[in-house]
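What follows is a single chain, given as structure tokens, in the form predicted alone.
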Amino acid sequence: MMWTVTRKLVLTFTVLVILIPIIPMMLWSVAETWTYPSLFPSELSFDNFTMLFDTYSLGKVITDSIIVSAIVTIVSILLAVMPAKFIGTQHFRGKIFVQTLTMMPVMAPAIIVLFGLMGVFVKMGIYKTFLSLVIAEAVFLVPYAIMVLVPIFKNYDSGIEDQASTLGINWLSRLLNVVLPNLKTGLMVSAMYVFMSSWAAYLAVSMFAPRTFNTVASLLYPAIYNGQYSNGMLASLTVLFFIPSIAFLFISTWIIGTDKMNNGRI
């Protein structure tokens, strides 16, 4: 009984800590007028959202943000699967060193790594292109994807893959039809982290995105620092910044939960 009460109190406290900063932001985003000492806005309006969409073509910005985050997520996961599989399933000398080496891009200050990439991209002729943006973000997110997937592969049964190989199935088919389906939960957790990190990326976007390319993050962060928007406009932009990440989180959680239920039935 005591343990149940404690759990409820901890859960309630956690929810309050999360919601207390979010509720004022949600209210500011739809507040027409909100003056002291009123506890809630006296008038509600969606004018802040309308102004944002009219001023910055925000529909295109949100679409571009989703596209780049989705591509970076797919690229990062595909590049991370095989290294994570090797590290997670094999036992060899220097394994800790190899794991540490994969994390080197994120151990160094980001600005130093990005300036190094800038010189490479200029020589390759792809600086300030969509390709350079995807590569720059993937450099930082592939190591995190590997870090998430390695523990998943430690519990991976490679026997089913050996059976597929014995039947003459090529490596690509084994990857797509055997390896990836059996790692759906781990892949969704990794994809969720990579997507949210890419969605919130600002430095890589500001340095490598094409000049006419904007993301929600590249609009939000300068707006906060420069103080050029009202509280309502900032709150509205922040709400729009959170919605896709929260939606991806719920979708990922639902897929993971469905996968666990199906495994339980089996």
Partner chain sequence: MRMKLRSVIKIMPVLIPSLITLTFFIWPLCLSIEESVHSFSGDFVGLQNYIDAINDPAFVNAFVYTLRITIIVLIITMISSIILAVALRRSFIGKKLVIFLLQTDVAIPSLACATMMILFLSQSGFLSAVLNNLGIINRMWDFPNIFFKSDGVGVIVCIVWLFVPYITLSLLSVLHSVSNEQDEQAATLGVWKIRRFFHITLPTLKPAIAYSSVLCFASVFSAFELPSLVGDKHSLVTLAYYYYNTAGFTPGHMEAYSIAMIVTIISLTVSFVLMYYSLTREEKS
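Positions refer to the first chain, counted from 1. Not measured: the values here are computed from a predicted model.
Another form, the form predicted together with the partner chain, is not on view; read the next lines as being about it.
In the predicted complex, does Thr100 have a heavy atom within 4.5 Å of the partner chain?
Output for Thr100 is yes: heavy atoms within 4.5 Å of the partner chain.
4.5 Å heavy atom contact, Ser57 and the partner chain in the predicted complex:
No, Ser57 is distant from the partner.
Proximity of Met25 to the partner chain in the predicted complex, heavy atoms at 4.5 Å:
Yes, Met25 is a contact residue.
Residue-level question: is Pro109 within 4.5 Å of the partner chain in the predicted complex, judged on heavy atoms?
It does: once the partner chain is placed as it appears in the predicted complex, Pro109 has a heavy atom within 4.5 Å of it.
Heavy atom distance at most 4.5 Å to the partner chain in the predicted complex, all of Val113, Pro143 and Phe250:
Yes, because Val113, Pro143 and Phe250 each have a heavy atom that approaches the partner chain to within 4.5 Å in the predicted complex.
Report the residue, out of Ala209, Leu234, Val68, Ala31, that has at least one non-hydrogen atom within 4.5 angstroms of the partner chain in the predicted complex.
So the residue touching the partner chain in the predicted complex, by this definition, is Leu234.
Within 4.5 Å of the partner chain in the predicted complex, heavy atoms considered, which of Leu180, Val189, Ile74, Met118?
The residue in contact is Met118.
For the stretch 152-174, which residues lie within 4.5 Å of the partner chain in the predicted complex by non-hydrogen atom distance?
Read in sequence order, the residues that approach the partner chain (within 4.5 Å, in the predicted complex) are Lys154, Trp171.
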